[in-house]
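First comes one chain, alone, set out as structure tokens in the form predicted alone.
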């Protein structure tokens, strides 16, 4: 795709694109007049010798007003509009502007989503702005353009410094990373001891502990990295999914830093971060691949078409794998977290001692279910106790673990084969389970499919994985405005290429 100045020979194509938009109101005469007016910049996007989009700005002082921007319906979701926004931003800064503004219809969901993902915030409303419909207009303003454009250039050159913050559950983490791969510092403050007495994470306690720890964790990360806030190019933060109170602490702190420094704010999906953790370990890892994301809150299979483009192939219908481990451990009086202790005991037990169900093993899809297995363990324990028999805890742990792992492996292999994936990424806290790691490795080996598993320190929640994912998002022009909120139910799906 080529971005170039608009010329009179483009007008027929431009008017055609404008007419294809439901709200298109510009005439050929209007475009002709605007192209030669002072303070204007009009650009077209060209692909295969065809104009597929256009946009224009008017610069007045230090402000640039987006006059119009449209993309051919046949060329949408290819990044045309986003590229035009940032090229117009470059032209605006070159003309002395520091921010961009525009009006957009409240009903234009696609445009609102585009500008929100370019860091624009809604700052007002113009009643009845569109005379043909009487619809109001939302007034949007960008974050400071020079810092954002410099950060994007630095990211594309692989030289940006990002401070990343992660507070989705019960770890307060911060990392400083250069170029999406060079970790300069990583600090994690865990809350495990505070939650252990309750047998699981207590959201209110998690939020309070994040509030207490976040300033010290960020300061320590910067100190270890040997950098100052003034040296950074961007602030990244996990904005979902996770515990809403925990997420809010990290998002609010990151927004405060971004506001105080004028640095761009990059939002990262926590699950995407877990997938990127594998690339930190193996930089040559490349899509297409399948990711098995297994943690305390999530169990899913994801097709990674490209970095930043995902399709969820299957997910748990009830309990997550880590949650099931914690609940069984609590039932057996083994403490919290349950995964490590069950794994240790399972190594001493007989995995074939108890025939626990392999739920949905032959369901014909790639979804998971673990609540039935958890119930089966509860019923078995109650029967044994009612009969006065001593529990063979290592055998229960080994049999339960095998029932979980067998289904995870079978469905991951099925997904990899069906999608012709080059590799499978095992990610998330449960990826630290030795039986799952080794079982999946063996299952994939004779099929010639590569398995990528992050080291133990990158399986659990950390901010380095958030910084790695933020690198690509920043390079692609995805940033947040300061009105962005934590999204506890944020989904991992196809990233829009508008």
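If you're wondering where the values come from, they're calculated on a predicted model, not measured in any experiment. Positions refer to the first chain, counted from 1.
The same protein also has a form predicted in complex with a small molecule, omitted here; what follows describes it.
By the 4.5 Å heavy atom rule, the three marked residues 274, 322 and 428 all count as contacting the small molecule in the model of the complex. Only one of 203, 340, 216, 288 comes within 4.5 Å of the small molecule in the model of the complex through a heavy atom, and that residue is 340. With the partner omitted here, the residue from 297, 308, 245, 349 that has a non-hydrogen atom within 4.5 angstroms of the small molecule in the model of the complex is 297. In the model of the complex, none of the heavy atoms of residue 210 sits within 4.5 Å of a heavy atom of the small molecule. Within this chain, residue 460 lines the site of the small molecule in the model of the complex, having a heavy atom no more than 4.5 Å away. Proximity of residue 270 to the small molecule in the model of the complex falls within the 4.5 Å heavy atom cutoff.
By the criterion of a heavy atom within 4.5 Å, residue 326 is counted among the residues contacting the small molecule in the model of the complex.
Comment: 460 to 468 is the region of 54 to 62, 460 to 468, 37 to 45, 446 to 454 lying near the small molecule in the model of the complex, near meaning a non-hydrogen atom within 4.5 Å.
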